[in-house]
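Have a look below at one chain only, the form predicted alone, in structure tokens format.
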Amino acid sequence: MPSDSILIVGGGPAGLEAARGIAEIGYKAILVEKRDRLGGTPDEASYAALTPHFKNTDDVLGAMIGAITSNPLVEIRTGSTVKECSGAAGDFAVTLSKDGKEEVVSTGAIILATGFDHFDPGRETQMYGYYEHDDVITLVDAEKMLKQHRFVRPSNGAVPKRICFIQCVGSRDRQIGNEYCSKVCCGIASKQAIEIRQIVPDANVFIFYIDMRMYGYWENQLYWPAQEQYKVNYVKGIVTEVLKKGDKLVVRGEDTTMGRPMEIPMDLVILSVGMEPSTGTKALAKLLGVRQNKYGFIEAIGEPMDTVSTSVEGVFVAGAAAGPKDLEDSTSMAGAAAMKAIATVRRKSAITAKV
């Protein structure tokens, strides 16, 4: 018999929004999250404020989580993973595992909101010295310090006075196979640069970039305020290596605007790491037989007009599981996935009723 429930895998912003939308229309949502708490990457990585509006992450996630925990039509399964799946659209049988115990749940449609992983900057190359120098950190590391309202050098606890961001680390890189733009890194670096200047007003902050890519309103929300109000220095150039010299870091590369080499001392270097498909995204795609693109993200088969339908009927995707997305994209996709999942359940139920 067809099921009128919809299973959502992933408890980040996309999964939370999908569950809320499904329940508000009157259908049952089963939200499965492998961690012991909801919130996804923004929670797990301790994001301080969200791009581009600088809203407090805990406040935003708290409101999203509260909207589903107070709704009796949402069943939340934390600490759980999907182990098996059989059946077809309208009548899937999904095996969930928690603490070694397994349970089979029936669902009419599935939404994959399994998110992304941050690129590991030391995995392919050590030219930035991420695993060699304590004062070479990532956007994620910086975000954790910003959340604590305490921005210091990891090596000695001193307040840094010269800080730089290096863009496109793990993105737009043919050598490692990540040829795509991760979309949010330029905006996040600009947001963090503003926050750093707020915490350390006398710091000199630089952003070394190939191209600055500001989507939609981010140009006026982040890029110009960073330059004009907070005096962040944007330098078009390519960084080739980061070296240790005394208690400083030396950033070497080429200023491509001036067409000359550059060698600049820094106290702290922040690597703007991009997005890659999460381990869960790749595992679920394989388990469900869902087609992936060449980079490992789940492929939406109806783009550009349908961004959420996958190669398997009744299985939909939302958020960064489908590729680099900002939060606005992710929650918008979640709404679309919820509507298509409900439509699938209704259609299959109607067919059965006629038989």
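Quantities reported herein were computed from a predicted structural model and do not represent experimental measurements. Quick note: we count residues from 1 along the sequence shown, nothing fancier.
A second form of this protein, the form predicted together with a further copy of the same chain, is not displayed here; the remarks below concern that form.
Remark: of stretches 91-99, 115-123, 187-195, 223-231, the one touching a further copy of the same chain in the model of the complex is 223-231 (heavy atom within 4.5 Å).
a further copy of the same chain is not shown here, and in the model of the complex it never comes within 4.5 Å of any heavy atom of Val9. A residue is said to contact a partner when one of its heavy atoms sits within 4.5 Å of a partner heavy atom; Asp329 meets this definition for a further copy of the same chain in the model of the complex. Among residues of the shown chain, Thr307 is one whose heavy atoms approach a further copy of the same chain to within 4.5 Å in the model of the complex. a further copy of the same chain is not drawn, but in the model of the complex it has a heavy atom within 4.5 Å of Cys181. With respect to a further copy of the same chain in the model of the complex, the three residues Glu33, Arg35 and Leu287 uniformly fall beyond 4.5 angstroms at the level of their nearest heavy atom. With the partner removed from view, the residue among Tyr130, Tyr209, Phe206, Phe151 that has a non-hydrogen atom within 4.5 Å of a further copy of the same chain in the model of the complex turns out to be Tyr209. Only one of Lys144, Lys248, Arg252, Arg172 lies close to a further copy of the same chain in the model of the complex, with a heavy atom inside 4.5 Å, and it is Arg172.
Contacts between 212-233 and a further copy of the same chain, taken as any heavy atom within 4.5 Å in the model of the complex, involve Met212, Arg213, Met214, Tyr215, Gly216, Tyr217, Glu219, Asn220, Tyr223, Trp224, Glu228.
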